[in-house]
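As a starting point, one isolated chain is supplied in C-alpha cells, in the form predicted on its own.
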C-alpha cells in the first residue's frame, strides 16, 4: 500500500472533528500494510493548525494561498488531481459532509476513480478496497468493492472515534499552482443558520425523547431530568416534526449521528432511521412500554414501562445517590 491522503476539513479557523476521525481510521487502515498517512491541508493563514495535524499523520501536505481562503470545490478538485498525480496514493479520504458531498463525486470523475460515499468501514483488499456503507437510510449495510486505486472514500461523520497519536509528521509546503482560472463557481459568503448553540454530536450524555412523550406539556419532565444528570436533550423525528424541539437536535439518518458515552432513549420505538444515528453510543439505555420495540435490539439496558412512571423513580434514585 502506498499512502492514504486525508483531506483536512476546517471552517472559520478550526479543524472539524471529522478530520481527526478520518485520520484515526486511516492510521488503522495503513499500519498493517506498511502505508503512510498524509493529511492534506488547503487554506490561507492556517499555520496554527499544523501542530495538531503533525501528531496525527506521517506527513502534512500544506498548500497555502488566497485561492484556498474559502472552500470552493473546483479549486480543491484541481489541487487534489495534481496532488494525486504526484503522490499516487492508494486512497483519498473525504468527509461525507456538506463540503465533501460537493467535492467527492466530481473528484472521483476527474480521477476516473471508484467512489463510495457514507462509508462506515473499509479494509484493504487484494486489489483495491472493500468499503461498507449504509443503505436504505441505515436499514442495512452493504459491502462495496473498489477494484482500482486510488479509491475516493467519503467517510460518515461521528462514525469513527478519534484516538490520540504521537507522530511527528513532517510538514511539506506544496504549490498547488493556478486553481482559479476557468472556474465556474465563486464563494460569496457564509451565512450561519441561527441555532440554540447546542451541539449534540459533542455531548457525553444524551437523553433522546420520542413519540412516547405524547404531548408538549410533558416536555418539562424530560427537560428537568436531562438537566439533573448533565445531559443534552435530543429527539427522534416525530418530536421535531411536532415542533417541540429544534431540528438541530434530531438524531437519525435525516438528522445527526452521535456517539456519546451514554444515550438514554425515552419513549423511542427505534425505527431504523433513528438507530442509524445513535447505535455508536458506548452505552444505550432504553425505556419503552412496548417489549417488542426495535430500540431494545441495540440497547445495553432496557426498561419495559411508561417513561412517565420511570423518570420520577430515576430522579429520586439519582438524588439519593448524589446525597
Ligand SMILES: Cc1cc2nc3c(=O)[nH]c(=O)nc-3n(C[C@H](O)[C@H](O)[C@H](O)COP(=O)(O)OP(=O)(O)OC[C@H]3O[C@@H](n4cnc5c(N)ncnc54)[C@H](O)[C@@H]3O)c2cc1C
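Whichever C-alpha set is largest while still superposing within 1.5 Å between the two forms counts as the rigid core. Residue numbers count along the first chain shown, from 1. All values derive from a computational prediction rather than experimental measurement.
From this point on, the text means the form predicted together with the ligand, which you will not see here.
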{"query": "Per-stretch contact check against the ligand in the predicted bound form, the hit in 178-186, 77-85, 248-256, 199-207 (non-hydrogen atom, 4.5 angstroms)", "finding": "248-256"}
{"query": "The ligand contact in the predicted bound form: residue 293, any heavy atom under 4.5 Å", "finding": "yes"}
{"query": "Partner contact for residue 55 in the predicted bound form: the ligand, 4.5 angstroms, heavy atom", "finding": "no"}
{"query": "In the predicted bound form, residue 315 touching the ligand (heavy atom, 4.5 Å)", "finding": "no"}
{"query": "Touches the ligand in the predicted bound form: residue 17 (any heavy atom, 4.5 Å)", "finding": "no"}
{"query": "Site check 104, 145 and 152: each within 4.5 Å of the ligand in the predicted bound form by heavy atom", "finding": "no"}
{"query": "Contact assignment for the ligand in the predicted bound form, among 43, 270, 35, 280, heavy atom within 4.5 Å", "finding": "270"}
{"query": "Heavy atom contacts to the ligand in the predicted bound form at 4.5 Å, residues of 215-241 in sequence order", "finding": "236, 237, 238"}
{"query": "Core-superposed comparison between this form and the one not shown, residue 290 Cα displacement 2 Å or beyond", "finding": "yes"}
{"query": "Rigid-core frame, C-alpha of residue 305, shift of 2 angstroms or more between this form and the one not shown", "finding": "yes"}
{"query": "Core-superposed comparison between this form and the one not shown, residue 124 Cα displacement 2 Å or beyond", "finding": "no"}
{"query": "Inter-Cα distance between residue 95 and residue 275 in the predicted bound form, nearer or further [3 Å or more]", "finding": "closer"}
{"query": "Cα separation of residue 130 and residue 252 in the predicted bound form versus here, shift of 3 Å or more", "finding": "farther"}
